[in-house]
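Okay, so here's just one chain, in structure tokens, the form predicted on its own.
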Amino acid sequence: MKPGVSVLGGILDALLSTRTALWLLLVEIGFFVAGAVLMPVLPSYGTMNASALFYWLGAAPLRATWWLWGAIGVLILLTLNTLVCSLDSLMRKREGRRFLLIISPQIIHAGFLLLLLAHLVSAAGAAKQNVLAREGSRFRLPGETTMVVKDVDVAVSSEGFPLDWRATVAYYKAGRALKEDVVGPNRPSFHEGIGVYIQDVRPGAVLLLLSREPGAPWALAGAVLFTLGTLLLLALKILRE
């Protein structure tokens, strides 16, 4: 056998092995433990949530981010391991009679891969910004859209504690009104991929979080597939026994 063919065969065997996945998960846990120790003590993490993850990684020092780069590398290997195992399972068992029992783990794998894709997309394009808004405040959003805070209403108790709060916002583009919405507790406003959340309240003002999470639709699709595959596999196992 040629040396090159032998090496490729060894790589393929490793990617097809469940033991490889377990070792990769152990290494990933090790990186996360290192991150849990480093994050509270290094000042670089103070700005981590202010921008997209990949943008922050490019600017932060390597001595603070080495474990994150390692974790991303392990996730890439886990993705390859999942893809190769799924394809191999489907190719070898595509003519099996118990199709649902065969396909349900692959549905779980597809959900897992979509969840990873969601994190990848958000790491590349997510954005967050906190702004203090009063009545009449205007903010420029992506896509030439302007958001205007038309009204801020904060109900305060006799002791001075906020009881309820809401803000009415309106979206405009090229001078044309697009829509009007109300932001309140557990009631964000969404417009063209931008979420507007109330973070805190002040007398006559609210602290708004403007957030863009482009990976959210992929995360939802992945969660649905992961849950569907898990329930289907569990039901089939119960019926089989």
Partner chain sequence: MIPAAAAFALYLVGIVSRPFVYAGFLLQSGYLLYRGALIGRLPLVGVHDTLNFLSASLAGFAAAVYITEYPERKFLSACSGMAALFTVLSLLRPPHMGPLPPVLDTHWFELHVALSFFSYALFGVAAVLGVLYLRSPGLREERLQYRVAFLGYAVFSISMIFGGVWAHLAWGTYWLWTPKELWTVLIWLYYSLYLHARLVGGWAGRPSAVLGTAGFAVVIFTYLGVGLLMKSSHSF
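Positions refer to the first chain, counted from 1. As the structure is a prediction and not an experimental result, all values here were calculated from the model.
Below, we turn to the form predicted together with the partner chain, even though it does not appear here.
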Would you kindly say which of 152, 118, 169, 107 lies with a heavy atom within 4.5 Å of the partner chain in the model of the complex? 118
Taking the partner chain in the model of the complex as the reference, which of 39, 177, 207, 62 has a non-hydrogen atom within 4.5 Å? 39
Please check if residue 164 has a heavy atom lying within 4.5 Å of any heavy atom of the partner chain in the model of the complex. yes
Can you check whether residue 70 is within 4.5 Å of the partner chain in the model of the complex, heavy atom basis? no
Proximity of residue 15 to the partner chain in the model of the complex, heavy atoms at 4.5 Å: no
If we define contact as a non-hydrogen atom of the residue within 4.5 angstroms of the partner, is residue 234 a contact of the partner chain in the model of the complex? yes
Would you give me the residues of 208-232 that have any heavy atom within 4.5 Å of the partner chain in the model of the complex, in order from first to last? 209, 211, 213, 215, 216, 219, 220, 223, 224, 226, 227, 230, 231
